[in-house]
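Below, in structure tokens: the form predicted on its own, a single chain.
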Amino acid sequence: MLSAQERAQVAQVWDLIAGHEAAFGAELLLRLFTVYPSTKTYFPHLGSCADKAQLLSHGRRMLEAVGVAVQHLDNLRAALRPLADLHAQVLRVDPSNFPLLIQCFQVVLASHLQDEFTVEMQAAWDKFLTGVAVVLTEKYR
């Protein structure tokens, strides 16, 4: 899936994110809900006006799952199987929403990391996150 250079770029960006999962995740959710309001329907536990603590908590969980994927690049399917089952069988998230999430995540990364988030890193992360989305949507078939 990823070349050695792309793996290194994914790891390098993750090192910059690590320790800030809650803040990045909350911003990702806010951006997702603002740009694509229909996605809010998949987060009923956050209510119509999620408070900061709820956003930080769920944002942290989301990015911790990304961290698991970063640590298991060689076996994403096994690492993300419980999450794939949850999204497909319990939450029934429309797979068309994953690209929206990826887009918003890329914007959050670029806004925070700025010059450190090079075009090559963005391409590696796009490929990585698309791979994660593919694994998460395989259970839909």
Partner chain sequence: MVHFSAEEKAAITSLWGKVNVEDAGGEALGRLLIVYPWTQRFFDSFGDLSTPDAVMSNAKVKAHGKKVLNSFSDGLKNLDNLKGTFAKLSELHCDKLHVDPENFKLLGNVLVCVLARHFGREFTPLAQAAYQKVVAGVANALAHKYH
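Predicted model, so just to flag it, every value in this text is computed and none were measured. Numbering follows the first chain given and starts at 1.
Keep in mind the form predicted together with the partner chain is missing from the figure; the text below concerns it.
**Student:** Though the partner chain is not shown, can you say which of N75, S111, T41, Q89 has a heavy atom within 4.5 Å of it in the model of the complex?
**Tutor:** When the partner chain is considered in the model of the complex, the option within 4.5 Å is S111.
**Student:** Could you check which residue among A79, L30, A84, V93 gets a heavy atom within 4.5 Å of the partner chain in the model of the complex?
**Tutor:** Flagged contact: L30.
**Student:** Under a 4.5 Å heavy atom criterion, is L56 part of the interface with the partner chain in the model of the complex?
**Tutor:** Flag for L56 set to no.
**Student:** Using 4.5 Å between non-hydrogen atoms, is V107 touching the partner chain in the model of the complex?
**Tutor:** Although the partner chain is absent here, V107 would touch it in the model of the complex, with heavy atoms inside 4.5 Å.
**Student:** At the 4.5 Å heavy atom threshold, is D126 in contact with the partner chain in the model of the complex?
**Tutor:** So D126 counts as contacting the partner chain.
**Student:** Since only the chain is shown here, I'm wondering whether W14 would be in contact with the partner chain in the model of the complex (any heavy atom pair within 4.5 Å).
**Tutor:** Although the partner chain is absent here, W14 would stay clear of it in the model of the complex, with no heavy atoms inside 4.5 Å.
**Student:** What are the residues of 21-38, in order along the chain, with a heavy atom within 4.5 Å of the partner chain in the model of the complex?
**Tutor:** In sequence order, L30, R31, T34, V35, Y36 come within 4.5 Å of the partner.
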